[in-house]
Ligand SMILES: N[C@@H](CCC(=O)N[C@@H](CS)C(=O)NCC(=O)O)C(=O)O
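Below, in structure tokens: the form predicted alone, a single chain.
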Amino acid sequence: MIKIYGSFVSRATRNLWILEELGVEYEHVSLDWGKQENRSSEYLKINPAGKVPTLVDGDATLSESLGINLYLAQKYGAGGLWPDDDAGRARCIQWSFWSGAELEPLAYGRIREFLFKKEPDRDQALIADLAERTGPMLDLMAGTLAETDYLSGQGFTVADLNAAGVIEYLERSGFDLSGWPGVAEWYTRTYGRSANQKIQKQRAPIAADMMKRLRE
């Protein structure tokens, strides 16, 4: 059986979302980073870096959440989350790499300031710089979404799932998407999918408890 390691308050939620979309059987092994469970000798045998998420699927052991999703889509989502055509598959790879390399450093930098620091401790200059640099990224998405309903074409694919999983950082840190209505509508439609909402309902109380502990 597929195993995915990582808590509901980690990037593992991206992998849990796609597994729900695919409808494949899996086991979720939650690891509490506060208790250093990701540094246990048992886990380090699976992922020597001690990071999450990690996927174990038969002989395949993979890390990096967006790469895991590409693997799962390719293996289990042919014709759906993984398009049949070469161009569609290439766009899934393109947008996934873009999400991780271009957008996530900006989005994560923002959420780190807003969620993990008390207001007086936030670096307002950094927040302003991150917002300015995020704008062109959203302009790029908006241009594509003006032509198609989804990033790789007319259907929902792993490209959308991976990108939405990163944009979620912007939403949670209060970034205003109203200047990019096409992106905002796509995000609402994508992130609101029932498979993801199932995961988010499980995540919500755990995330609330974590934030309470961080701010005490």
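We number the residues from 1 along the sequence you see. Small disclaimer: the values here were computed from a predicted structure and weren't measured.
The same protein also has a form predicted together with the named molecule, omitted here; what follows describes it.
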Contact flag, residue 70 vs the named molecule in the predicted bound form, heavy atom cut 4.5 Å
no
Even though the partner isn't displayed, in the predicted bound form is residue 185 close enough to the named molecule, meaning a heavy atom within 4.5 Å?
no
Check whether residue 39 has any heavy atom within 4.5 Å of a heavy atom of the named molecule in the predicted bound form, and answer yes or no.
yes
Taking heavy atoms only, is residue 165 within 4.5 angstroms of the named molecule in the predicted bound form?
no
Going by heavy atoms within 4.5 Å, which of 174 to 182, 61 to 69, 187 to 195, 144 to 152 lines up against the named molecule in the predicted bound form?
61 to 69
Can you name the residues of 22 to 51 that have a heavy atom within 4.5 Å of the named molecule in the predicted bound form?
33, 38, 39, 50, 51
